[in-house]
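Below, in structure tokens: the form predicted on its own, a single chain.
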Amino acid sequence: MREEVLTGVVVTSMETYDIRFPTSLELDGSDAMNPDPDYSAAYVVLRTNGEHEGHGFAFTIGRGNDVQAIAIRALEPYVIGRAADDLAAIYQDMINDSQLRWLGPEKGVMHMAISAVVNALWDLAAKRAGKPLWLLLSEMTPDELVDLVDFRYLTDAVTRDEALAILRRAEPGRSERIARLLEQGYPAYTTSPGWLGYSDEKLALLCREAIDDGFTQIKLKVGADLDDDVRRMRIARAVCGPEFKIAIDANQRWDVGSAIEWVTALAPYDPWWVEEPTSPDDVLGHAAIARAVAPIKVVTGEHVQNRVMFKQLLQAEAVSYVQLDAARVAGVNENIAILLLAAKFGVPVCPHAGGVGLCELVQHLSMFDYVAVSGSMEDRVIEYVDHLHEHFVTPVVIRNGSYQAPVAPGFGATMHPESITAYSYPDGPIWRSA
């Protein structure tokens, strides 16, 4: 890190909140595995002896959000009293604690808690530097960036020296790519038309709106009923036309055999990719599905629990796109490792962003990837869901189907105090009146 910017500030306290939004009332976010989600954030605020504070969260869909918040609070000893710029060391201390590792290792509730804290530290770092996170990362040297990564378990796929070579190869042209982002933004696709709970009329209307808004790809949830999925794909294809990209997302609904059968039945409607066709832990299952349904692409990532699983998916040629998530693995540091793995294997990154606040976060990771890692936007898009952005101080801006590059300092995780108060569970006024 740049020491002249980040010195002398210590984390003095941590606050956590159980924040839930009743999205199940309108079936926003509904899919074959999650029919009634209440988009939620186990939210953390890191306060310091300076003027800035760091905000982060773990995304859940309702029940269990209180458990996630408790897990975040368990990490207090790792951050209170620590120098706020000691990002690599705090990350390593949390993921390497022998007793915490027994709860994973590096997966599940504790790993997501680490993500919330690590991301809050990066939010703090970017605010103190006066830069959006994507720019702060993009201006770091290759050596500074690899120092943030834990290469344990990865060296059979990418070594530190190989990672340095990837980053150094992308150094020329950084300033031009930054300028392009600020001028044109980063391509997006939208999932907003595709929730399973929507009527056929609403599906058709939202497809037309997506086209009018400049999107070149949408995504439909599938997997509950094949006849319904065939009908919905027929409607979407009729509205969008033959060349428009329509992805499908099964949210882990199928076994390997049924995934192949279901996707084959939908193949006449030319799905662009099938997302999460089976268990996110089933690397060989994804590889088998990918071989069987080609040229339809297979993608996954939002529930892939750590960098090791991403490594195996890439080694097995099980995915055509990497769908990293900003809050599933252990935050920015581990996502840098995943971006480097994807670059080593030449697989584009198209992040997951369905859920409260995930759009705000993940745009920074894709923009950093473009500037400093892959150097490319080719065949890359970021998911966009048009829900709950109004609760954030610096919400995403979508223009002509593209994310506009954030310019406000930070990681975009800061929620309005009024929203935190209103939607805190179970005592916030929204839930008291429910």
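So that there is no doubt, residue numbering starts at 1 and follows the sequence shown. Computed from a prediction, not measured in an experiment: that's the story for all the values here.
Missing here is the form predicted together with another copy of the chain; even so, the following discussion is about that form.
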- Contact with another copy of the chain in the model of the complex, heavy atom within 4.5 Å, among Met309, Met233, Val347, Val239 goes to Met309
- The one option of Ile178, Leu100, Ile166, Leu203 with any heavy atom within 4.5 Å of another copy of the chain in the model of the complex is Leu100
- Task: Please determine, with the chain shown alone, which of 169-177, 191-199, 108-116, 84-92 has non-hydrogen atoms within 4.5 Å of another copy of the chain in the model of the complex.
- Result: 108-116
- Would Gln68 show up as a contact with another copy of the chain in the model of the complex if we use heavy atoms at 4.5 Å? yes
- Message: Can you tell me if Ala292 lies within 4.5 angstroms of another copy of the chain in the model of the complex, counting non-hydrogen atoms only?
- Response: no
- 4.5 Å heavy atom contact, Ser366 and another copy of the chain in the model of the complex: no
- Message: Quick check on Pro280: any heavy atom within 4.5 Å of another copy of the chain in the model of the complex?
- Response: yes
- Indicate whether the candidate residues Lys131, Thr300 and Leu361 are all in contact with another copy of the chain in the model of the complex, with contact defined as any heavy atom within 4.5 Å. no
- Heavy atoms within 4.5 Å of another copy of the chain in the model of the complex is the criterion; list the residues of 415-429 that meet it. none
